[in-house]
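A lone chain, given as structure tokens: the form predicted on its own.
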């Protein structure tokens, strides 16, 4: 086994998992602290699961899972005297999501009998501020969006701006034991401490991009997170689990994850250039990366906004009928036509604003694309009917109106009436409101602090709070 040679003035940060609440092993945190870690940083959000969480301002992860992970992190970090940084609290990083995470952190601290100083970083934006920015020409569209209008801004339930590392650095420098951030670039919350301690900016940002999903950059991604060892000219990815391996292949492959360009990544305040980066296995477990560069740019923050839309009801059937299975495309088109026609006739006086969707799982329900010719019939399929309408009541009544057809439509008129299997009764399932992202723009700012607000909770002073505007 090769001996490990530390980097010059390396800054060690624990990244225990890719998502707070996904599960953290105490032993791994102890390993990282014993290795000399000066902070723990972890992401807690994403847009991956769609606009619902931003529009509603709620967490995808349940409270119990978040509390479990915070109990481990807070107890170990507070004992070691190192800070915890959490980015994009409660999935979408809204103000109420940060407050939700803060309340859990306070509960954890009280159970542990400790009195941490907690900084909450808020990056939710109000409509008036953004309208002024837009009027000043400071908001630019990101593909595929067009120019932003005041009407779109007003329609959003919540709008957040993605923070860079600056608010986290300022909070830690002011003595925060726990920093809970609103919407943040995944890499920013991880890079902050390394940048604060003087590591190379390119190295810190690149290491953070690699480590953003915890152990996903390792050979055995379910064996916990990693240590970022960041120096001035290079960085190392070191798995927290002693049996895990970070290889050049697993580390470099993560640059392909969630990026349109794996070489140049745009982040708040600059661009990470990995064109000359080189990945080398320096021990049996650790990969070292050199050549990363950071190109400072005028500061921008990505804006995300979501709003509520129409409502949906669904019904599901399972089909094993061999005649139907041999003619699924015809069956789909015929069913769609009959259902749409019936709803159009029955609800003409109420609305023409509805949508019917049939998704045949086991055939092409996932993609919706035609299957190749001569594809053999499946053994069975599941058919999901989705009806979208302006209100939940309308969507429910439309679903009920086509119930007999959906459950009993024969392949051909002269056939006996079939019965398809259905798993639920009542058959129609109200799915609720549909939400959509309508904001995907970049706002120009003077720096990384302009659009961020900080609120402090110092548990040593009877939970008094002081709000500062950065």
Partner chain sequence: MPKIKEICRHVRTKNAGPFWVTVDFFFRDADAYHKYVGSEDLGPDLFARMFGADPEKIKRIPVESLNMVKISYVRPKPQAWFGERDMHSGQLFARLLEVGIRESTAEPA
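The model shown is predicted, which means the values in this text are computed figures rather than measured ones. Numbering follows the first chain given and starts at 1.
The following text describes the form predicted together with the partner chain, which does not appear among the structures shown.
> Sort through 261-269, 292-300, 158-166, 342-350 and report the only stretch with a non-hydrogen atom within 4.5 Å of the partner chain in the model of the complex.
Going by heavy atoms within 4.5 Å, the stretch is 261-269.
> Out of 252, 96, 134, 244, which one falls within 4.5 Å of the partner chain in the model of the complex, going by heavy atoms?
The residue in contact is 252.
> Which one, 198, 365, 175, 141, lies within 4.5 Å of the partner chain in the model of the complex by heavy atoms?
Comparing distances to the partner chain in the model of the complex, the residue within 4.5 Å is 365.
> Contact between residue 355 and the partner chain in the model of the complex at 4.5 Å, heavy atoms?
Yes, contact at 4.5 Å.
> Using a 4.5 Å heavy atom cut-off, state whether residue 359 contacts the partner chain in the model of the complex.
Within the cut-off, so yes.
> May I ask you to check whether residue 439 falls inside a 4.5 Å heavy atom distance of the partner chain in the model of the complex?
Because a heavy atom of residue 439 falls inside 4.5 Å of the partner chain in the model of the complex, the answer is yes.
> When the contact criterion is heavy atoms within 4.5 Å, does residue 145 count as touching the partner chain in the model of the complex?
Residue-level check for residue 145: yes, a contact with the partner chain.
> Going through 32-59 from first to last, which residues have a non-hydrogen atom within 4.5 Å of the partner chain in the model of the complex?
The stretch touches the partner through 47, 48, 49, 50, 51.
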